[in-house]
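Presented below, as structure tokens, is a lone chain in the form predicted alone.
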């Protein structure tokens, strides 16, 4: 199979799986237990917390392990009471968009430009509204287009207004340098399975001045901020994946950028192709494009029959035959947005796979026309 959907999930690195295995088979103790088996598990969590903190340039005490990016996003927004005002960008992940709907009339949607970027002037404009937000959420790198936001500039302005900032960095970590210490954001969500770690594990990175309101209660785990017995093996896997990402980030990014440029070169030989966010800074592994007159989900299924896995958008919002909310927020024509396909590379993809993908794509289009 040619797997081109790494923004949905990545395969678990064999080195990560090897690190996890002892905590499934041998060191299976409850990390809250005081005897040796429990203490070994607790020590493994502490090590993983240090590894994840190192990846995002934060302190270990600023890491709350969660079940994934969705829970981390929900937990981040939960610092705000329902009767306060918040603002979220129009291109956020469903776990931000749908969770923030609880704020109803107290929620503002921040528009983006045709490249999918939030401008600082747009951020400033929301402070001219009647309800000034107390928290703003802007995704660091979009999961569909790969467009990268200037989080540091936005955070600096919000700080001057004493407004909290959350950024969903799930797609960014491991693909580009991310420094929580330098960004100026107050809350940041990350996830394991986007960096060759296991599914079911993520983290919220937070400024210690923030008062976290736990979503899960009934235990003292994660310093009382996230109840429930920790998934030790998954947390260990996240830690190992983070360690490897620090060591291999530059190499992975350079490799994926070569693939991205090769794909874009091939797409330019196909009529009526649009590459979204093409002129702005993007993740090195992500290309979202459309072919006029072609239904994206239909093309996805045709590619699947040829053992090529791609996406038509966010894995958490797929299905239903609707156009991507991200693309419609960018002002893209609905029918063009419906034809969108997202290709996202990983460290094991090759240029030969790109060449094969272009050939298969052209053969489908020839038959269709």
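Since we're looking at a predicted model, the values are computed, not measured. Residue numbers count along the first chain shown, from 1.
Here the subject shifts to the form predicted together with a small molecule, a form of this protein not shown in this document.
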{"item": "Contact residue in the predicted bound form, chosen from 285, 290, 191, 137 - any heavy atom within 4.5 Å of the small molecule", "value": "191"}
{"item": "Of 185, 75, 170, 242, the one that lies within 4.5 Å of the small molecule in the predicted bound form (heavy atoms)", "value": "170"}
{"item": "Any non-hydrogen atom of residue 95 within 4.5 angstroms of the small molecule in the predicted bound form", "value": "yes"}
{"item": "The small molecule contact at residue 68 in the predicted bound form, heavy atom, 4.5 Å", "value": "yes"}
{"item": "Contact flag, residue 143 vs the small molecule in the predicted bound form, heavy atom cut 4.5 Å", "value": "yes"}
{"item": "Candidate stretches 191-199, 219-227, 270-278, 152-160 - the one whose heavy atoms come within 4.5 Å of the small molecule in the predicted bound form", "value": "191-199"}
